[in-house]
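Have a look below at one chain only, the form predicted on its own, in structure tokens format.
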């Protein structure tokens, strides 16, 4: 018997929301019943209309008025807007996967704590830099639970950063730093994001530096390689390009993330890593939801 797909809505029609839509349309577990924004003339809306997807420019209002049309919603707007949206979805009893750095709900990194997050109604995907770096910080923490300091620098193509990303830069840094400390148990963290205007556009790269006394490099390398392999199952373009190296008192490593080119070209790995994380969460949620629904 073929499993019924989970009806989802996408709120936010910028770069993240539109790339997410294309990934949803490829999923065997999800189908988009509503693609929602505020401007029918936006590039994202035009793309959705051309794909035959039902759209609305009524923003959160259309979702409030039609809760029966969807079982789960992706919020791809901004952190400030999500604080308001979260209250609405809570009143409606809807599960929301939050792609903004609002950190209202549980912080989720699929390669680390997916099962725990599926029990919650508001699931936060942190940031693109967080999805790239936190799994590796977690791997370091499993070997050395007493890390003093972790620094993360991500560089993305300026063209891949839409208005929502730019308005959320402070929240991006705060939420990513919180995630690094929470998952790695390090004492202090620092995060930086570089929007690189180079032409041709650069691929997303993230460098992690951790201050560790007398690191067990063999165990670190094993833990990091295992984590990278796990991430590659849902983010195919994730690659460790500088393996863990000890310099001075720091362990340093760098990853590169190439996108699938679903909406923007492959340089936009920042879209892929957060959207692939969101899709992974939603697909696992759909298996639980459809099973529970069939038992009622």
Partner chain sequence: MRKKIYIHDVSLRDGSHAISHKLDKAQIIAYCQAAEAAGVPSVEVGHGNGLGASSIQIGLSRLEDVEMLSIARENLIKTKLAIHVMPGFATINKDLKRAFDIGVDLVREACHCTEADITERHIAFARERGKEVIGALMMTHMASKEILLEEALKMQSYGAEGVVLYDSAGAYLPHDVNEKISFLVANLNIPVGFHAHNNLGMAIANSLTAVESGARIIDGAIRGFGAGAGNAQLEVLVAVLQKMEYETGISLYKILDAAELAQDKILEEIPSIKNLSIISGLSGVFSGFAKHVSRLAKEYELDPRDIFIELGKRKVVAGQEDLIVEVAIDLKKINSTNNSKANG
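Numbering follows the first chain given and starts at 1. Just so it is clear, the model here is predicted, and its values are computed rather than measured.
The same protein has a further form, the form predicted in complex with its partner chain, not shown here; the description that follows concerns it.
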query	finding
Proximity of residue 197 to its partner chain in the predicted complex, heavy atoms at 4.5 Å	yes
Interface membership of residue 116, its partner chain in the predicted complex, 4.5 Å heavy atom rule	no
Partner proximity in the predicted complex: residue 229 to its partner chain, non-hydrogen atom cutoff 4.5 Å	no
Distance check, residue 241 to its partner chain in the predicted complex, heavy atom within 4.5 Å	yes
In the predicted complex, the residue from 182, 143, 155, 104 that sits within 4.5 Å of its partner chain by heavy atoms	155
Contact residue in the predicted complex, from 219, 225, 207, 81 (heavy atom within 4.5 Å of its partner chain)	207
Segment that reaches its partner chain in the predicted complex - one of 104-112, 122-130, 88-96, 146-154, heavy atoms within 4.5 Å	146-154
In the predicted complex, residues of 165-183 near its partner chain [heavy atom within 4.5 Å]	166, 167, 168, 169, 170, 171, 173, 174, 177
